[in-house]
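The chain below stands alone and is given as structure tokens, in the form predicted alone.
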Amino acid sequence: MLSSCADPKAIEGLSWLFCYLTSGKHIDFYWSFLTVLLLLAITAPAALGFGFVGATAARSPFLPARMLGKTYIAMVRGVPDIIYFLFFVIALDQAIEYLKFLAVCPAGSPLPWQGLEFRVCPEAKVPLSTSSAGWHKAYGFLLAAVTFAIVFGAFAANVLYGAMQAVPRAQLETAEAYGMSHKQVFRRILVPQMWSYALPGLSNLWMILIKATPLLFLLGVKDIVYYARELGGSKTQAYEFPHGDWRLYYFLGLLVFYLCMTRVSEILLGKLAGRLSRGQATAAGEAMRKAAA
């Protein structure tokens, strides 16, 4: 905070507003936007990777792999997303600490599950109680990112599985007739062509992922929703910058932020769809050929 802002009650007007918007909590609020963008940057490719592996497994001729892939795809159906988010965070945290419990806790230590509580020896805590606050925040964010990737990976697997099934079987059989192995057909024919079929579903999934980022607040990560609620709430004279209920203005700012993100996404996804459709035996590809003729 600037020296001129040392006593907020002694200033007013634009100076008060400038000091208010540059306070420590507002700086954390601005950084929280990067937290959301970082979550998307990590989760999107990770979920796509989970989805590709799941869809490939679901098409495998090997029965255990096929059953595992189809089970992964089906696990998000019929259960609200919030239940998966809350469950995976708790399950991942306990699984990590249990593995560390087996490695570092003294022999003969009681099992972590003690009635309704989960307790491990201090050495098995992740992160350790002596770790800095930054490590605790990073660990919480990592758990949230992995949870997002696993949950949205199941949706992506369902989309990619349908896209693989949509590639004309005749093209795959023609490639096999020319002597290509199953791996070559998969790598050179199936995978390149499936993206044009998968993109509409993946585009919707990307939009849903953007809208799901406020769930970070429920997972214990201080994101933009947390700070908008905290900063916008009424502040009495006990606070440095007292004001009324300004939550409406903060959430309007979040509305503009998310609308801008979705609009930019629509433009980029539209360009990507045109690029993937070029030369493909799809309705979009046929329209492009007719327009060029």
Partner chain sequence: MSMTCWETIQAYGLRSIGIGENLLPKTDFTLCQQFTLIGSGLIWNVYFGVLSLAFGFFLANALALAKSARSPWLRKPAEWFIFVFRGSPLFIQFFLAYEALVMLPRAGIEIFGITIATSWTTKAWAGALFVMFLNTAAYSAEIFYGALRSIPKGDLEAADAYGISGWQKFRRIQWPTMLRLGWPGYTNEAIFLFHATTLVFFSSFPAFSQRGDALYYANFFADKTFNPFIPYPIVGFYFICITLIVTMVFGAVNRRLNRHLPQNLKSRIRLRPQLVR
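Residue numbers count along the first chain shown, from 1. Being a predicted model, the structure only gives us computed values, none of them experimental.
This protein has a second form, the form predicted together with its partner chain, left out of what is shown; the following refers to that one.
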Could you check which residue among Leu111, Ala103, Ile83, Ala170 gets a heavy atom within 4.5 Å of its partner chain in the predicted complex?
Ile83
Looking at Leu199, Met164, Val76, Ile189, which is the one with a non-hydrogen atom within 4.5 Å of its partner chain in the predicted complex?
Val76
Heavy atoms within 4.5 Å of its partner chain in the predicted complex: does Trp31 have any?
no
Hey, in the predicted complex, is Leu63 touching its partner chain, heavy atoms inside 4.5 Å?
no
Indicate whether Leu248 is a 4.5 Å heavy atom neighbour of its partner chain in the predicted complex.
yes
Its partner chain contact at Val53 in the predicted complex, heavy atom, 4.5 Å
no
Counting only heavy atoms and a 4.5 Å cut-off, does its partner chain in the predicted complex sit next to every one of Phe148, Met194 and Ser265?
no
From first to last in sequence, which residues of 206 to 239 have any non-hydrogen atom within 4.5 angstroms of its partner chain in the predicted complex?
Ile208, Lys211, Pro214, Leu215, Phe217, Leu218, Val225, Arg229
